[in-house]
Each structure stands twice: as C-alpha cells, then as structure tokens.
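The chain below stands alone and is given as structure tokens, in the form predicted on its own.
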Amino acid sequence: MSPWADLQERFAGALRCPERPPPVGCNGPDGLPDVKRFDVYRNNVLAGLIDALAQSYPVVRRLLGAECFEETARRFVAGHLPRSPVLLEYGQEFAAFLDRFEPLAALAYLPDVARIERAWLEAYHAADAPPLNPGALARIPAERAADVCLTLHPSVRLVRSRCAALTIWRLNVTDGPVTGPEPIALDASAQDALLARPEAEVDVIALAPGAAEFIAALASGRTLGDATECARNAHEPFDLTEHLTALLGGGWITSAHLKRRRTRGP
C-alpha cells in the first residue's frame, strides 16, 4: 500500500471511530497533532452524514422519532462511510443494516419501509425515457407474441415485503398522525410495490399477486411468455392483458423487440 493510500485509510478509520487519535500528519499550525481541530471535522462529517440519511429516509425517521433515528444513523455511519462523492447515493445499505440491527428487531416492517424510501429516491432521480407507443405491439404477429422482450422505464423499482410496509409508508409520508413504531402482527399481509417516474411525479403502485414476478422477469430480460409463466406459477389465475395494459398505460415500458429463436442445425 502506498503512503498516500495508507494515510487515507487511517484518516477514514479515525473519522469513523471517535476513540481513535488523528492520524500522524494531521497537525495544527504549531506542527503538533491537533486533536480538537480533527474532532470538529469528525463531528461535522458525522452530522452531515446523519442529516443525509434523514433527508433520504424521512418516514423511517418519523416512525422512530428524531432521537432514536439519530442514534440508529450514528451506528450506521460508524460502519458505512461514503463510497461515492455524490451524497445522494449515501445510505444505499441502510435497509440491510436495519435488517441486522438488533435494537429495532421488533419493528419487522422498518427495513422494507426503508427500501420503499430508497426506491422512491432512485426512481425520482432516474434517467428519462419516452414510453412505448402501444401500437408497436400491434404490429407483432400473434404467433410471436410470447417471444417479445419488453424494456422497462429506467426508473422502475420493485419492493417486496412480508409486512404491510407500503401501507405504513403511505400513512406516514404525509404530516398526519404517526403510525408506529408499534410492532406489526406476524401474520400481516405481504405487499409488493412498484415505483416509477415516467413523468414528473413518482408513481407508487400496490401490485396484485403475481405482478411482481411478472415485472421482475421482464426486468431480467425474459420474454413475455416466460414472464407470464413466472407470474402464473406464483399466482393462478394471472390476467396478462390487464397487467400489460397497466404497464403500457403507466408509461412504464419504453421499447419492445422480438427474441431471436434458436435454429436447429442440420
């Protein structure tokens, strides 16, 4: 490791851990180690990252309350310094952290609420793309319909939850009474959500059974026939026409092409 890389690693480690002294070389005007100056910088970095998390996860903060959220965020920051200069990207691992965070283990819905918030943020800042004209599908021969591959809008995100995370998020995304943080019953209905921003606003849609499998298969490049089979294996019956119409009508599909069939040799 180069001396510069070693200094960066020690500097980042000292930022994470308040008990560590400043790395060698971080001196004041007198040429001596300046603990107070480094502590000011360390505290500013910590406060800035906690504030970034609060901006990205306002519903999680609302559910936990300011004090509990700040302590939770402080624990997260201690092990997760930014990996990108774009502060908007900070906190991508927050939901996974909450999955493992024992003090909040009773709030089973909380990590999935965080996943909805991250998906909303990513959808809002995703690239633009024009929607597919439904007439383009009408030109595909009926016998090849199952071989169609559809490209979803860049903003499309799926969040699957074993709890009623979408309902909780909706109830707390506005300034009404706080719902939580009391535990959700273990038999609470699972919910799947689609988030997308085909135009100016992010659409947040509760999906019917089978729809998440259908959309996930399309997103992975599977054909319309394969995606329909995935949906019907998950939930029978599955209305392909209804779901395809919703995707087209929402502007959530941007292109379509036929998958080339394999030909057998002589």
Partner chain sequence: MSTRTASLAVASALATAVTALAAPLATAGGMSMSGSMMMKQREHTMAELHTGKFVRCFGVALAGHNDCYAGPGTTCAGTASRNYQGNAFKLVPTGTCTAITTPYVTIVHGHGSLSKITEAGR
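Residue numbers count along the first chain shown, from 1. All values reported here derive from a predicted model rather than from experimental measurement.
Another form exists, predicted in complex with the partner chain; not displayed. Remarks below refer to it.
Out of the listed residues C26, A219, A52, A234, A52 is the one that sits within 4.5 Å of the partner chain in the predicted bound form by at least one heavy atom. Although the partner is absent from this view, S155 stays clear of the partner chain in the predicted bound form, with no non-hydrogen atom inside 4.5 angstroms. Taking non-hydrogen atoms only, L137 approaches the partner chain to within 4.5 angstroms in the predicted bound form. Residue contact check for L248: one or more of its heavy atoms lie within 4.5 Å of the partner chain in the predicted bound form. Taking the partner from elsewhere, P82 is found to have every heavy atom lying beyond 4.5 Å of the partner chain in the predicted bound form. Shown without its partner, the chain has G65, E67, C68, E70, E71, T72, R74, R75, L87, L88 in segment 65-94 as residues with a non-hydrogen atom within 4.5 angstroms of the partner chain in the predicted bound form.
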